[in-house]
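What follows is a single chain, given as structure tokens, in the form predicted alone.
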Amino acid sequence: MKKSKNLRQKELKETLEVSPFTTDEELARRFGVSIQTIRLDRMEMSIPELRERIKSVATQEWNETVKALPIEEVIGEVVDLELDKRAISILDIRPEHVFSRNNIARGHHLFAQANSLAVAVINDELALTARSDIHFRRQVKLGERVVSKANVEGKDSRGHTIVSVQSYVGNEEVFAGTFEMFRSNQ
């Protein structure tokens, strides 16, 4: 038995308050309705689309926290950040990220997501990549969502901060990199 519109909208609002990064597709499956119904419900309740919800949370949570670059210069949407410890960003691969002839993401977008996340996680006004060792594990295609996770591993003998970044589509690793980060307070 389907839920009434009012009950569905109430539960939709509660779901997005707890988990604002839930996609319309996931919501449609959860409530047993079409994606269009979810979109209409969101519009009626003035709930923005996923990308805007992510931007809103990221701006509220981390705009004052990210020090080495403005939050809008991070490639992808930052969804978690603990300076000098860890960070997570999401990048949805859109047409501007891919080669038109085969819909495969250009590697520099995956690198830029990982590198900018490695910069963002540094708790310093100045953070620059001194060196990186990267590996592309598989091709990423149009429409896929890339989740990058950065972890600060410590310092090397030169005092550079070592940040490891792994990027995933679902549970499959698509990119891995180790970044040596120069910082002004070394």
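Because the structure is a prediction, the values reported are computed rather than measured. Residue numbers here begin at 1 and follow the sequence given.
Missing here is the form predicted in complex with another copy of the chain; even so, the following discussion is about that form.
Asker: Only one of L126, I47, I35, V147 has a non-hydrogen atom within 4.5 angstroms of another copy of the chain in the predicted complex; which is it?
Answerer: It is L126.
Asker: Can you tell me which of 26-34, 113-121, 39-47, 149-157 lies within 4.5 Å of another copy of the chain in the predicted complex, counting heavy atoms only?
Answerer: In short, 113-121.
Asker: I'd like to know if L142 sits close to another copy of the chain in the predicted complex, meaning any non-hydrogen atom pair within 4.5 angstroms.
Answerer: Flag for L142 set to no.
Asker: Within 4.5 Å, heavy atoms only: does I75 come near another copy of the chain in the predicted complex?
Answerer: Within the cut-off, so yes.
Asker: Look up in the predicted complex whether E52 has a non-hydrogen atom within 4.5 angstroms of another copy of the chain, and give yes or no.
Answerer: Flag for E52 set to no.
Asker: Does another copy of the chain get within 4.5 angstroms of any non-hydrogen atom of H108 in the predicted complex?
Answerer: Contact with another copy of the chain, yes.
Asker: With another copy of the chain taken in the predicted complex, which residues across 132-148 come within 4.5 angstroms through any non-hydrogen atom?
Answerer: Heavy-atom contacts within 4.5 Å come from S132, D133, I134, H135, F136, Q139.
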